[in-house]
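Below you will find one chain, with nothing else, as structure tokens; this is the form predicted on its own, and questions on how it binds or moves follow later.
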């Protein structure tokens, strides 16, 4: 194996590139954006203080991610959840200890028991073979299954927080699989001891920046959107802009909708989406204060608000001070509406909500919006949402190579699907499959491009 072209400089693509380079393969990474990182994205909120505009959290089961953090000389910091939580699920604001919402406990038990039953029925490595109907949406399931109004009120908020999904956009099988893949309902939803236990100190965007730097030279080409891949009896040729790159194999490590926009010749290759596949709908909002002022009121910064636009908030303030950061999540149908507002309208709505949930909070000193709904080279976030029938059609070929085209990305991993951990594992898998078939050669390498 002389050369591999990797399409996409997110965690999956750069992980694959790093593994291949370590094995002696010459690698070039083509990235459509003007930055590396994919769905990780750093935002500087104060001098030297960075927060995550994209993927952020990790837990103790994210072992490959933890190893990468250590190998790259980075550290983690715990997600702060000390203090009371705020809830607006009806006409009044309710403040209470813990994160359990002030709704009927029997109704929420009905909801979580139903979800747990679905999760137990998932076949994690082959979800399309699960004993769960793949022909109905999560919204259909909720109408058929949830009998109490409180359960029906909380369900879309829960699904938005977990998957950035509107219940009508996702199949009940995909919902069950996602919860199973991520470690189960309670692990995914937990901060301390769960999937949201920690953050990368200084921002998760540093992972891709350091991986790219270690590749060195001009191995990573930015502003290079790929539009075609040709497989012939000779080299594979990847076309990006006016350049053509000859190689022995290709790793496509971009979100499914983007992978489907590439022309594959002679084709066809297995499509990554269907007409029912939807983008994850998320907008991430950061309100910046001189310090975490809500803590002075004994509040944790965690809130849930059924009216939105910020359906939930969390305290993401940097350790050691420098700023108070209240992160708001706008997901599902609310994200579509909020994404279409003007920047001034977005700011006005978010500040008004923060002031109502945390009384006495002054106007923020900074305000940042990461609009994943309208991000051209992501097509949504956290991950693609499989609709009714998608797992039966897409699942069996999710990670199976098409000739010398190999697939990576968080949506190709049945372990921690849609998460940073899943992206990293998919990159390792793609590289291992390439290396398993050939021994790398360091001699007589063809030119990088022509």
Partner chain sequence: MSVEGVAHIFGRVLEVGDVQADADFFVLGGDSLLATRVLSAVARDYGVELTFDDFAFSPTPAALAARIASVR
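None of these values were measured; they are calculated from a predicted model. Numbering follows the first chain given and starts at 1.
The next section is about a form of this same protein that is not shown, the form predicted together with its partner chain.
Trainee: Please pick, from 113, 92, 296, 261, the one residue with any non-hydrogen atom lying within 4.5 angstroms of its partner chain in the predicted bound form.
Mentor: Result of the distance check: 113.
Trainee: Sort through 105, 126, 340, 363 and report the residue having a heavy atom within 4.5 Å of its partner chain in the predicted bound form.
Mentor: Answer to the contact question: 105.
Trainee: Do residue 96 and its partner chain share at least one heavy atom pair within 4.5 Å in the predicted bound form?
Mentor: Judged by the heavy-atom cut-off of 4.5 Å, residue 96 is in contact with its partner chain in the predicted bound form.
Trainee: Using 4.5 Å between non-hydrogen atoms, is residue 266 touching its partner chain in the predicted bound form?
Mentor: Flag for residue 266 set to no.
Trainee: At 4.5 Å between heavy atoms, is residue 144 in contact with its partner chain in the predicted bound form?
Mentor: No - in the predicted bound form, heavy atoms of residue 144 and its partner chain never come within 4.5 Å of each other.
Trainee: Would residue 109 count as a contact of its partner chain in the predicted bound form, using a 4.5 angstroms cut-off between non-hydrogen atoms?
Mentor: Judged by the heavy-atom cut-off of 4.5 Å, residue 109 is in contact with its partner chain in the predicted bound form.
Trainee: Sort through 251-259, 165-173, 81-89, 183-191 and report the only stretch with a non-hydrogen atom within 4.5 Å of its partner chain in the predicted bound form.
Mentor: Answer to the contact question: 183-191.
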